[in-house]
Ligand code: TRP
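Starting off, we have a lone chain in the form predicted alone, written out as structure tokens.
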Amino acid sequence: MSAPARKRLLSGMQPTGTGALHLGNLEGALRNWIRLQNDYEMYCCIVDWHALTTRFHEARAIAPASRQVAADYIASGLDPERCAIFLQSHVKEHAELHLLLSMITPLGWLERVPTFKEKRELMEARGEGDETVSYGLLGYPCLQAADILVYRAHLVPVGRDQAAHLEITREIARRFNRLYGEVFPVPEALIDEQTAIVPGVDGRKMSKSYDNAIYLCDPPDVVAEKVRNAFTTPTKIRKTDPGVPENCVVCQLRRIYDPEGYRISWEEDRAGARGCLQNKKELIDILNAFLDPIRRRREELLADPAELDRILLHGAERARAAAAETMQQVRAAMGF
């Protein structure tokens, strides 16, 4: 079997909620993928099967949400000609490798995964009962490992706080290689030191679960309303009161989306030479100018379902070719 000419990367996002991505998704992951697509053989997946671990009761909502994620991928700058953009469920080799990896992964490894414990405790706290904690939720790390290993990915781009989540995939790869021979590269975390942690409008980390996000698809008036209600320095009551930009959501967002010009506004804020209303008005203009081309491109994609289908099917074909080659090696190594 031929080795990849360039190092391979696998990245993916789960279609949660309506699927629309927010500024935190963009700065925390997607912007880095866009930078990397020129230098690596890159596979960018929408992990729709993973969504079933917590959304099995609303399975029909996953497909439209997945299309929203795909539209945001492309509108933000991922190029379907330079990287494979596809749905996990369109490449059945993910499921086959998941089955085989699940047979060699010790139960104790899965039970110790912090994400499983956290989700189980959350479901129990909601009174949802054991029937909502599925085998799929427990086996999530095996499917995640299959997503990465089916492409024999060398690298997985992650933020520093996510690197630990890759460790079980590395352990599964090592165990398979010990049992059956060296089939899989042990993937490394490609940590992006430029990743920005984006604050939500309430001051916590931006997240769909906190309902504090500014979405890439938010129209201008919605962006404006969210910024007007955003958390600012509590002690800055009047314009002349000194601000603390480091503790102000509006100032933090200004630093991310106006990296050349934010310093003057911060200095004026500290000196009491500008008020929160001015900060918010200027940020509204900055964010809407940044989001305008993304909104236009995603609207074009969603208005032309045939074109989006073509992109996803083309991406799946490219992904399937690589995954099929891996599965030939896996079956041969295991004697099937």
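Just count from 1 along the sequence shown to find any residue number. Computed from a predicted model, the values in this text were never measured in an experiment.
Omitted here: the form predicted together with the named molecule. The next part is about that form.
- Checked against the named molecule in the predicted bound form, the candidates Ile172, Val198, Val156, Val223 yield a single residue with a heavy atom inside 4.5 Å, and that residue is Val156.
- The partner is absent here; in the predicted bound form, the one residue of Ser265, Gln252, Asn212, Gln144 having a heavy atom within 4.5 Å of the named molecule is Gln144.
- The chain is drawn here without the named molecule; in the predicted bound form, the stretch among 255-263, 200-208, 148-156, 75-83 whose residues come within 4.5 Å of it by any heavy atom is 148-156.
- Although the partner is absent here, Tyr140 lies within 4.5 Å of the named molecule in the predicted bound form, judged by heavy atoms.
- In the predicted bound form, the named molecule sits within 4.5 Å of a heavy atom belonging to Val47.
- Using a 4.5 angstroms limit between non-hydrogen atoms, His165 touches the named molecule in the predicted bound form.
- At the 4.5 Å threshold, heavy atoms of Ser11 reach the named molecule in the predicted bound form.
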